[in-house]
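Okay, here we've got a single chain as structure tokens, the form predicted on its own, with questions on binding and movement later.
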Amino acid sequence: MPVALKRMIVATLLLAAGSAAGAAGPRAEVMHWWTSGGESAAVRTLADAYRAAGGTWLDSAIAGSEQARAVALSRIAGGDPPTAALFNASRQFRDLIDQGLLNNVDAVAERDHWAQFLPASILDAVRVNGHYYAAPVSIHMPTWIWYSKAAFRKAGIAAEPRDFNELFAALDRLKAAGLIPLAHGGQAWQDNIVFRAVLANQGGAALYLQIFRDRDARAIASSEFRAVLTTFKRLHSYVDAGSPGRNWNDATALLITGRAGVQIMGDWVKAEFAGAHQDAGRDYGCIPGFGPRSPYIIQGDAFIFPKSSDPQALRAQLLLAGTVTSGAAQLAFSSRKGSIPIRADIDVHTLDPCAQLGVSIMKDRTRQLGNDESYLTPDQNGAMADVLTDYWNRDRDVAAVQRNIAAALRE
């Protein structure tokens, strides 16, 4: 396509989106899973920004990420898609792209130069074959270690742990003080987060990539990986009897109330702390990893834009893509969600100390790692999660677990 014609089409699409905003306003049904108190407060900032841009936001919230994605896929297959649906910025929606079921938002991405500020793993997820099929809305790091300052004081823990030996020592002191050492929600995806934290911090970036990206059979069978699995299993001895089936935000509530000491979870927990009027550094601490060279795993959320025969839907999608990725919306959303902005070109001094620490670490690209879903297909990811959850909850021979993981990653 000639460059001049392409530019004319881009300008026409953006003008159409703007005209619709100025008239009746494009209506966008936005499907997502942000239903906890802190998440709801965060998504309202996006809805407010969309309305301020002239659109009408129709909120379609479904509890649970897997359930929300399943409903979105069902509606797309049934010919009744939402305007936009939340997915993780990973390979989760690659099949939809391959089947031609998504609209691209190239007009907005090229106008706003997304390629210049998105981290490589996020860019690779939303841009396929040169086209942008999703609008990234957040950067999360899923394996932060959070601790309650009140619980640490009660247990006589003066300094935050600097490695796994010190973490286990702290957990022992918390248990001795009559507290829940490790607040955990016994759900497969949460078990997987704890595993990734151990793999990244104990195994390091090299082993992490050998397992997830390369699916290296020798690395999976190695003594180094065996040690990672042993540490992962040891953490289970510090959870309480109420852990199975617990939601992540209920686990965070145990830290907020000082009943538990530590939680390994993504930085979205800060939205719950904020909702309880607790501040980073005063009421809780955050550890992105052990040591100044610890890997920083990048996990993102993004809105996909299903195909529709309604021209108003395209206008709504373009307006939504431009709105949620704007600097102002990113800053407002991140301050409530606990994430860090997708943009590196905005001032983040108003964000909390943990977010500012994350932004600072992100400047060093050598510390960035993609989330496991960046390297694995959904089937591989699910199969491995099944192995890990079975190991977490039952007595299993570690060597057998290594073989089962190797088999899961061959699928």
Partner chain sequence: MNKPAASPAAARRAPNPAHLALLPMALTALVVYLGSMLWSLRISMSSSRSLPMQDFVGLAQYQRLFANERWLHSLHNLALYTPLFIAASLVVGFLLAVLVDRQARAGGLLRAVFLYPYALSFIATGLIWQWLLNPELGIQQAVHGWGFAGFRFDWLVDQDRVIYTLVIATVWQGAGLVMAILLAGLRAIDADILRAARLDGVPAWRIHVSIVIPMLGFSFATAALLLLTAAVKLYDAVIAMTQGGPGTASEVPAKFIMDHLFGRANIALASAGATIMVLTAVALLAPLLYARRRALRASR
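Residue numbers count along the first chain shown, from 1. Note that the structure is predicted; figures quoted are calculated from it, not measured.
Although it is not shown, the form predicted in complex with the partner chain is what the next lines describe.
Comparing 135-143, 73-81, 120-128, 201-209 against the partner chain in the predicted complex, the single stretch with non-hydrogen atoms within 4.5 angstroms of it is 73-81.
When the partner chain is considered in the predicted complex, only one residue from Leu235, Met265, Ile220, Leu96 comes within 4.5 Å through any heavy atom, namely Leu96. Checked against the partner chain in the predicted complex, the residues Pro311, Gly281, Gly245, Gly156 give one hit for a heavy atom within 4.5 Å, which is Gly245. Mapping the unseen interface onto this chain, Thr231 falls outside it, with no heavy atom inside 4.5 Å of the partner chain in the predicted complex. Proximity of Thr389 to the partner chain in the predicted complex falls within the 4.5 Å heavy atom cutoff. Although the partner is absent here, Asp112 sits far enough away that none of its heavy atoms falls within 4.5 Å of the partner chain in the predicted complex.
At the 4.5 Å threshold, heavy atoms of Leu101 reach the partner chain in the predicted complex. By the 4.5 Å heavy atom rule, the three marked residues Glu66, Ala383 and Asn393 all count as contacting the partner chain in the predicted complex.
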